[in-house]
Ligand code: VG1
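Take a look at this one chain, the form predicted on its own, written out in structure tokens.
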């Protein structure tokens, strides 16, 4: 075997991790030294005691296998004692989190750009999760970034091409590499959280019908194992379950635009009781019923409301948390349950401290992400099992569940307008302009509803006291309605401005409107008051969900 090489390099200036790690175009990661620098910086950020066991896996997108070979060469050269790699290099993001927790690993390297497109000309991503299975906190990502700005060399051990077939094991210098099943540990975990016997009886006997669209992404193998093998769902109800490097040429984002085929089926005679989709790396979800779409915010609220239907939560929720842009629907459920609801910045890492401290057991964010305290990532397949459990236990349809929920708690008519591909300085000018004009905006009203205040959201972590400022600009109305503006941290090129619209309706005779249509005028107001057209040139949102 060859000896360890010390490779001279230079810093790259664009390796600051965002809310979900480092995401760039594939061609950026393919630059000489680019990925190597970042992986070496991850290792350098770890204490010596944190270099015993690491998990490595990704969503199978283009460049995944090549990246894992590079990562193994660097981990071996740096003396990591043991590396667990997913079969074929594939592990869903929640499966990585679970494997870290189940094996007592010191952390994991996750290769994913989540819901972003894949392919030679598309996106790639990498992030580090800590020993709890959660995305690394800002203190760690800052260390990684500091290292990328000063790195002068990295260590590499040339290895033969590593066969990533399940069950294979290797010994390279002082490092043991084990290739593990992508699905086994995760599937076992699910059996401890849900009543699979009861779910299997309902599904296999056709009392509750389900269809699932994996969008040619990572959850295909998980769907086959859990929904078909374990619950008896017929293969015809599993769609696009063969992962591909470019996600079948599609955009693996489970919403009404990109999961259009599922949407059409659920709005037609082909509809089943429950329809669901997951994204590129398996952490997001879309939930639908017959002729019914469940917004992510409502999904989170209903899971909390019916948590007693889910064995995982039968001992009590203790507390819940949502990201700041997520609708306030769960706040009202938490108040009824007599438990706290924490409002955090966007980014799953902010839920990690709350979960680890036992302050919450259920978390969610508006961008189709929901999860419990079983892992430290959002979890798409788990969310589908939650809904399946609720349908089986209540005997109600998705539409009936929503109607009853709105009758009790009111409905948050909630949607998101995305302005994509904006020049970064122009997008930033929108945010700065809102704060500069805050006093003027606060004197305005919409549809007779006065604005209470305009502010920049700052989060004080109740566990460690850390402060996260400038997390989005909020226009808060006196009646509880909201407009939230936020620059996305998950893109790879230019900037995306996200505008979140929420109007709360308590009157039952006004509960049949489509959320997009209901918020149309509020969206125009949000566009105008922020001067989006004048500052960016965008005359309308790119996507409305």
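Being a predicted model, the structure only gives us computed values, none of them experimental. Residue numbers count along the first chain shown, from 1.
Below, we refer to the form predicted together with the named molecule, which is not included among the displayed structures.
Three-residue candidate spot 59, 103 and 376; no residue lies within 4.5 angstroms of the named molecule in the model of the complex by any non-hydrogen atom. Taking the partner from the other structure, the named molecule in the model of the complex has a heavy atom within 4.5 Å of a heavy atom of residue 114. None of the heavy atoms of residue 38 is located within 4.5 Å of the named molecule in the model of the complex. Among residues of the shown chain, residue 347 is one whose heavy atoms approach the named molecule to within 4.5 Å in the model of the complex. The named molecule in the model of the complex comes within 4.5 Å of a heavy atom belonging to residue 23. Heavy atoms within 4.5 Å of the named molecule in the model of the complex map, among the stretches 165 to 173, 205 to 213, 304 to 312, 358 to 366, onto 358 to 366 alone.
Heavy atoms closer than or equal to 4.5 Å to the named molecule in the model of the complex belong, across 274 to 295, to the residues 279, 281, 283, 284, ordered by sequence position.
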